[in-house]
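Next up is one chain by itself, shown in structure tokens, the form predicted on its own.
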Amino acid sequence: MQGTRFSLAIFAAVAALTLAGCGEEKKPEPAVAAAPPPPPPLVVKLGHVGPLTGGIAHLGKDNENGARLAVDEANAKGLTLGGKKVKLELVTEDDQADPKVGTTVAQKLVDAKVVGVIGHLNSGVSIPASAIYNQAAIPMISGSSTNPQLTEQGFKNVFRVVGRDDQQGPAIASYLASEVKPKTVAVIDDATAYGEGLANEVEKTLKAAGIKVLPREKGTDKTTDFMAILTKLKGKKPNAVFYGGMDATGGPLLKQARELGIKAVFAFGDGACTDKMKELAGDAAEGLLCSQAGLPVQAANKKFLDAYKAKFNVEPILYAPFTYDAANLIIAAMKKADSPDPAKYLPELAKISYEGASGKIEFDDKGDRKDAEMTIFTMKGGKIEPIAIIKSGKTIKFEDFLKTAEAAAPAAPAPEAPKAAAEPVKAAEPAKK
């Protein structure tokens, strides 16, 4: 009995504790629903194409850097289109400066759903690739292709932010005629759309000026041994030689010419208008003349030059200001249209007026840059230096051009004066009639 009473007492105590615990039980608080995460930004792809391998990969990378800087700056500032936050993505492809590869990667970019393309570098690649972008109705802006045929095809989606060879060729030829005053000129080209097209314009202008032009000589964009051509030319004693091609082949040409004792003035187009000519031709590069279908890198605005150097830790070479502007033109057109849809922003791009790193940009009906400048350079102390700007048919010394540009630039805003202590707010006066 005693054991039973003890067991009943324990049971009663446990029951009491259990009831007491139940009495203190709190109702669970309703769960607060977590705020839904913000929707991910809309990814908008821009394409860039240029030679990233091979002899002119340095120029292709320079172009890519310009486009990348513009995209990264736009993303850092934040971009909203059609009420949606947008993140730009630069999709880059290597066309190897080869037309066949160029058309292949052009289709690859179309399949990747890019909404615009910055490129290609070479005219010979840009021209066939442009047909693919035109069929897909994707805007394309080249920062370096100068052959007139690119914008003579009637494509409404194709633009360029540099001048044309039928502007550049006459510019360098006229400078040769007026400053060097040669009696006989030899013309060589690399058999590409760019090199041959530019050489044709130079020859045409020289002949019109009454200068004798020797029969055309040709290499290829891979030629590095010009001894046979140069030996033939040496006997004809030209006073000047013009080469239509890139620096990768122009450098060896110039070096071998000096080794043969040819003392003629050598002139080149923009493809060989780089400091790399010193690396490839050595001391033979000193004194060469060359042209660029646009303002020189040194004349690009300070904001771009500083940002480029800070990001890539190198100076821009040649076309980077133009590919930077090309990317920014597409971005600006999308903003105006409030849409990344090519069909919607293309009309805005065609009529845009934009102040870029390379100056004011507007397009004509063909997609060419209006009133594009031409620059004449020389190699001095191992560096390509601008010596003259040609605009609207007039030649002006580069230092005078800079002075004019500086005088026309808007003055920096004056610093604000310290604000006085706030005065008591007065009652508004009745509006006067």
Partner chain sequence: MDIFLQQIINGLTLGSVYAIVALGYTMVYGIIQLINFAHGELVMIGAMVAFSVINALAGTHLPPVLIVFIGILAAIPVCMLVGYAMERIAYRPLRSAPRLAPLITAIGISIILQHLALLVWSRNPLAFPQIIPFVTFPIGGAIISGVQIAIILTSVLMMGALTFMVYRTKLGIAMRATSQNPLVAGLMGIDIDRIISFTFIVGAALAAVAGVMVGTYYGIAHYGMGSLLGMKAFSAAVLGGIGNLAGAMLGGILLGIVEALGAGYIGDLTNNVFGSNYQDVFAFMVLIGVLVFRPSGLLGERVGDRA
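Rigid core (definition): largest C-alpha set, two forms, superposition within 1.5 Å. These numbers were taken from a predicted model, which means no experiment stands behind them. Numbering follows the first chain given and starts at 1.
There is another form of this protein, the form predicted together with the partner chain, and it is not shown here; the text below is about that form.
Quick one: does residue 73 come within 4.5 Å of the partner chain in the predicted bound form, counting heavy atoms only?
-> Result no; residue 73 lies far from the partner chain in the predicted bound form.
Do residue 235 and the partner chain share at least one heavy atom pair within 4.5 Å in the predicted bound form?
-> Taking the distances in the predicted bound form, the answer for residue 235 is yes, it comes within 4.5 Å of the partner chain.
The partner chain contact at residue 360 in the predicted bound form, heavy atom, 4.5 Å | Flag for residue 360 set to no.
Would residue 85 sit within 4.5 Å of the partner chain in the predicted bound form, counting heavy atoms only?
-> Output for residue 85 is no: heavy atoms all beyond 4.5 Å of the partner chain.
Please pick, from 342, 182, 356, 252, the one residue with any non-hydrogen atom lying within 4.5 angstroms of the partner chain in the predicted bound form.
-> By the 4.5 Å heavy-atom cutoff, the listed residue in contact is 252.
With the partner chain left out of view, which of 96, 167, 256, 239 would have a heavy atom within 4.5 Å of it in the predicted bound form?
-> Looking at the other structure, the residue within range turns out to be 256.
Among 332-340, 280-288, 170-178, 313-321, the region lying within 4.5 Å of the partner chain in the predicted bound form by heavy atom distance = Of the stretches listed, the one contacting the partner is 280-288.
Within 4.5 Å of the partner chain in the predicted bound form, which residues of 224-253 have a heavy atom? Give them in sequence order, or say none.
-> Heavy-atom contacts to the partner chain in the predicted bound form: 224, 225, 227, 228, 229, 231, 232, 234, 235, 236, 248, 252.
Shift of residue 283 between this form and the one not shown at or above 2 Å (CA, core fit) = Superposed on the core, residue 283 moves its C-alpha 2 Å or more between this form and the one not shown.
Comparing between this form and the one not shown on the rigid core, is the C-alpha shift at residue 229 2 Å or larger?
-> The answer is yes, as the C-alpha of residue 229 shifts between this form and the one not shown by 2 Å or more after core alignment.
Align on the rigid core first; then say whether the Cα of residue 238 has moved by at least 2 Å between this form and the one not shown.
-> Yes; residue 238 is a residue whose C-alpha shifts (by 2 Å or more) between this form and the one not shown when the cores are overlaid.
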